[in-house]
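The chain that follows stands alone, in the form predicted alone, written as structure tokens.
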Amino acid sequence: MSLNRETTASLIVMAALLSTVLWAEATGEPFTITLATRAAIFALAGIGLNLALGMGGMVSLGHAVFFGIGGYAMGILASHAQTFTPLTTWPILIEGTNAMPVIWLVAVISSALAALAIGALTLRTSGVYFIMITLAFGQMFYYFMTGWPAYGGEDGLSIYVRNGFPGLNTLDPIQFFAICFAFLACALWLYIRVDASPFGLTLSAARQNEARLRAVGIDPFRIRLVAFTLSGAVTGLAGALFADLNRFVSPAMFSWQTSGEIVIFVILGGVGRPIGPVVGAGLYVLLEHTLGDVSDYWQIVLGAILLAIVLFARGGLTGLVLGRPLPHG
């Protein structure tokens, strides 16, 4: 089976990211590896949003909820392991842990359940109402965590030792990058498979013509809810990895700025393009690193680039190179 241009572009961009990290390891540049890891995690969050936005047309300004839930799943479990205190003793004993696989599982399940509950409410609306309600949920979680002193309140929560993965030294930058890169590759594969599947085609149909979908006996609400739940789960995993990278969580992970940044990753790279969030997150981290040292107002340049893309390159940077997306099938 021949590779289409979207898959080929995805392989090229992922190979470029991996090559950059291998070069940094060979030349003794661990900070570059950390930047690449940050970009990979942001890209993973962007792919999560792209499952809802790119395929289903669900413009969510509340995906920071799932990013933050994933982060606090890591922070809460690791903090209890750090202090040797259980989360709860009744009705069953639940202890903290610093095992990454357990933390990831909790983060994904918690984020998916939150997305299921939020989606069940918000997906009954559309347009600006959907946007504002998802934004409201993000702010609700933000203020809730700000006022929860048990886990740091507005000061956040520090974890002194990075969590562990069997057989790896997660404090080694390239080994932690390998974990994040593997998840990014899996998420990218998942997006491509879902996009080409009957479910993806149905979700796209729900975005384009809801009435026709109902006419053939398919409920668009259920299709969107499944996609929104999957989207939240992937974004929650990114949040857990981001918290582990920084060894710190704070209510800022729930803020509307975080939701906006995730949207920016998708728009910069290209909405609905599989590799779009990876390109967008990479550009964002690059601008943040190179221009952030020059001026505190580096976002002005980012804003100008974003404006140019919205006005003249609706397909994002990926669309400029690849042109219009290929039809399904």
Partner chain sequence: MKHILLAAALAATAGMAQAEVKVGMITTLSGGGAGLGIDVRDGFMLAVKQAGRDDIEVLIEDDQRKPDIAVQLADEMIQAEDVDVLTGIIWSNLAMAVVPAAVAQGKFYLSPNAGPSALAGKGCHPNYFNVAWQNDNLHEAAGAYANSAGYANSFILAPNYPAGQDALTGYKRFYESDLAGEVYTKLGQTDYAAEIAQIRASDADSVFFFLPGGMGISFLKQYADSGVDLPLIGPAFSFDQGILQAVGDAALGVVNTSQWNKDIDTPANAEFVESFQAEYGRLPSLYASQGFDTANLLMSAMDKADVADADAFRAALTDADFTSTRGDFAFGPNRHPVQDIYVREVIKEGDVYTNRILDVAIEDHADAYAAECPQ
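Numbering follows the first chain given and starts at 1. On a predicted model such as this, the values are computed, not experimentally measured, just so you know.
Absent from the display: the form predicted together with the partner chain. The rest refers to it.
- Taking the partner from elsewhere, Phe248 is found to have a heavy atom lying within 4.5 Å of the partner chain in the predicted bound form.
- In the predicted bound form, no heavy atom of Glu210 sits within 4.5 Å of the partner chain.
- The partner chain in the predicted bound form is approached by Asp155, whose closest heavy atom lies within 4.5 angstroms of it.
- Contact check for Phe242: a heavy atom falls within 4.5 Å of the partner chain in the predicted bound form.
- Figure note: of the listed segments 100 to 108, 182 to 190, 248 to 256, 210 to 218, the one touching the partner chain in the predicted bound form, with heavy atoms no more than 4.5 Å away, is 248 to 256.
- This chain appears without its partner; in the predicted bound form, the one residue of Pro198, Pro149, Gly167, Pro91 with a heavy atom within 4.5 Å of the partner chain is Pro149.
- Residues Pro30, Phe31, Thr34, Leu35, Arg38 of 4 to 43 are found to place at least one heavy atom within 4.5 Å of the partner chain in the predicted bound form.
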